[in-house]
Structure formats: structure tokens, C-alpha cells
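Just one chain follows, in the form predicted alone, and it is written as C-alpha cells.
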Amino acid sequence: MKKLRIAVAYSGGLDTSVMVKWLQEKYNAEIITVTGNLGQKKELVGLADKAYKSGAKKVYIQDLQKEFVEEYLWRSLKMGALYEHNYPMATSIGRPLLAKALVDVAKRERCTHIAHGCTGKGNDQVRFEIAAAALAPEIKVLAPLRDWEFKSREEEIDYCQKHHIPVAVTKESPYSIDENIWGTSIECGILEDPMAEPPADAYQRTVDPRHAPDKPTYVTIGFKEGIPVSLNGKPMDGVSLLHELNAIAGANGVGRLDLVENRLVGIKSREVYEAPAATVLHFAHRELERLVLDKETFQYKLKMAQDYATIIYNGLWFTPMRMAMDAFVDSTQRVVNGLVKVRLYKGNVDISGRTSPNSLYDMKLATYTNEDTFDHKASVGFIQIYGLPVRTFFRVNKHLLMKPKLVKKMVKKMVKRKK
């Protein structure tokens, strides 16, 4: 009988390390691990050796950083997509690309199944499986964490020790950490208590703001059609720019997020994130848009950004809706060109200056000096027309401007008369 071949999305963390051995034993299968390099660092050290020791037959480690930045991250940045107004979604937006890489390897290796290490109450299971359904509906998906016998991370650690599977997680430091170039997510352990302040060892890439430099750091970011193209006057590709900005912003304690968020599956979860570069770029990009976009486009785009963030968070990247929204955003970004200077200081990001060849800011219209060219007399007619609906409504419904108690008395009297 031909052995089952399973392509496994492998991070080298606790869950996926256990999963490789567990799938091999349960299905008597050949396991092919697939790891996408999205800019993580610690996770890639000794990863191939770890995968083989866990039972993998073949190991794929693919550098996907360029594609990740240019086809995924810049799209979310141009939209201004922050889930629930805060989270830049480093983990969320990485999943569709990892799923795509997994499916590509599965097809190449003639695997009939793919497997992911997502829990039954997490968001990632949806992201992987919806992406797989779009890209390869014929391939079956296995989700060991929804089926296996382990009830806790402590039991998984015992399993690793029993089978000599090398993992960095210990019972004393049980964090689940996911890292890429856009940010790091940290969960589990004491972090599951919303009242517990994250311990110092939970953070991976940012300095405690209290220990950041006592002098501010200034950074100038150049944008072309909404995409960051330079840092402090130096032209840079996206991957290099993000790595350097992560280091600069992280050293100033920028990018720490502690959120209670609404998961797709209906529960609330406490998550700790670090996103130094993403925090700075979202801020800078929005400030540049304030300068160059007309009022209606800017305000409508703010509304659309929330829908786009929800699409990413809910695992609907490979959908017609997301592609249609991209077309709209790309049209708005043609004028998002220029420089934004920001000040980084002890965890904070503040605007220091901005300029653009597409700026709609006209100093002669905005000034209150004798150089003012604004036609003040035109405001009289403008206000009359603008306020006409309000004036008309309350001329007819004067009683609605009365105090609430008087309105109630009037309503009672009207009811009595009808009776």
C-alpha cells in the first residue's frame, strides 16, 4: 500500500514539532514540512535539523519575504488596514501566503493532504483552510490540534521529551510566539490573564519604553504611490526598509500592543503584539494621506479600511471582494507621494513634518495673516444653503428642541385627546 504523503505547515514551534511526529505515527505517513521565511529570525535557526529530528522525510524552507512585503503588506498599508483600529495583523496577513506556499509544495510532491497546526478555537484554522479551498479544493486538510489527545501545552512538552523532539518552549516559559517582518504575536501562559502585566521576557523585539533613549530619534520616510521607498533619504527595497525600521523603532520602544480582541470564532482573546515598523509606517502613511487626499476620498477610505482589515483577519484574502477593494485603493494612492518625518521617543510616534508634490494644503487659503486669499464673504451664502435642511426641519418641528420633559408632556396630552 502506498504511503500517505502529507505536506505540513511547519514553524518549528511546539505544536508543529509535535504534529510532525504525531502525524507520522498515526497515519504511517511521509511528512514533508513547508516553512515560509516571512522575515522571522529566531525560528529559522536550526529549523531544518529540527524538522528532520521530529520525523520529516523532506524539508522545504522558502524565502518569501519579497512577495510578502510587495503583494501582501504594502496592500494592507495602502488601505490603512488595522483590525479594530489597532492591530496591523502581522500574523493574519502572513497566513494566506503560507497557505499558498504549502499548497504549491503539496502539488509538487503529489501530496493528497496538507496539515496545519492551528487550534480549534483560533482564527488561523479558518485562514489556512479557506485559502486552501480557493487554491486547491481537491486537497484534503488535516488539523491535528482539533483531534489529538493532548489537552495542554504541558502534555505536548512531555511528548517532545519522550520522543527527543527539540523545542525551545519550557513549562516555565510557555509562550506561543509567531514572528515575521511585520510583527510578533505572543500569547499563552500568564498572558491569558487580562489583568496580568506582560512580563519583560514576553517581549522579543522592542525595548521597554522606560529604558529607551532619553533623546528622540527622527526618521524620514519617502513614499511613492503609497509605498515606502526610502528611509532617511536612502532609497531601499521593501524588505531592507522594514528590517532597518524595525530595529530603529524597536530600540525606541515603539510598537508594543496589548489588546483584548474579538476572534472570528466568537470568543475574546488577550493578545500581546510587537510591530515597530508597522506602527511607524501606518502612522506616517495616514499623515501623508491627510495632506494629499481630498476630504471625501480620505473619509470614505477610513471606513473601507475597517472592512478590509476584517477581510484579512477573517481569512478572506483570496476573494473577489478583496481584489475589488485593492483596485479602488490603488487608484487613490497615485497621489500619495512625498516625505514624512516622525519623532520616536520612549514608545511614542509623533509627526514632525510632511511634504508632497501632490499636497492640497494651500498656505494662502489657510493663513490668518494679510496674505489670506480666502473669500470670507462667500461663507454667508454657503452657510445659508448648507443649513437650509436644518432650518426647514426645525421650523416645522420646533417642539423637538424643547426639554425632554416638556416633549413627554406634549405627547401625553396628544394621546389623551385621541382617546
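The first residue of the sequence shown is number 1, and the count goes up from there. For clarity, every value in this text was computed on a predicted model and none was experimentally measured.
We do not show the form predicted together with a small molecule, though everything after this point is about it.
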query	finding
Listed residue (H116, H285, R75, R127) with a non-hydrogen atom within 4.5 angstroms of the small molecule in the predicted bound form	R127
Contact assignment for the small molecule in the predicted bound form, among N180, T279, S92, N252, heavy atom within 4.5 Å	S92
Within 4.5 Å of the small molecule in the predicted bound form, all of Y87, S176 and S185 (non-hydrogen atom)	yes
Interface segment, criterion being heavy atoms within 4.5 Å of the small molecule in the predicted bound form, picked from 191 to 199, 324 to 332, 149 to 157, 268 to 276	268 to 276
Contact flag, F223 vs the small molecule in the predicted bound form, heavy atom cut 4.5 Å	no
Contact label in the predicted bound form: N337 to the small molecule, heavy atom within 4.5 Å	no
Partner proximity in the predicted bound form: Y313 to the small molecule, non-hydrogen atom cutoff 4.5 Å	yes
Contact of Q204 with the small molecule in the predicted bound form (heavy atom, 4.5 Å)	no
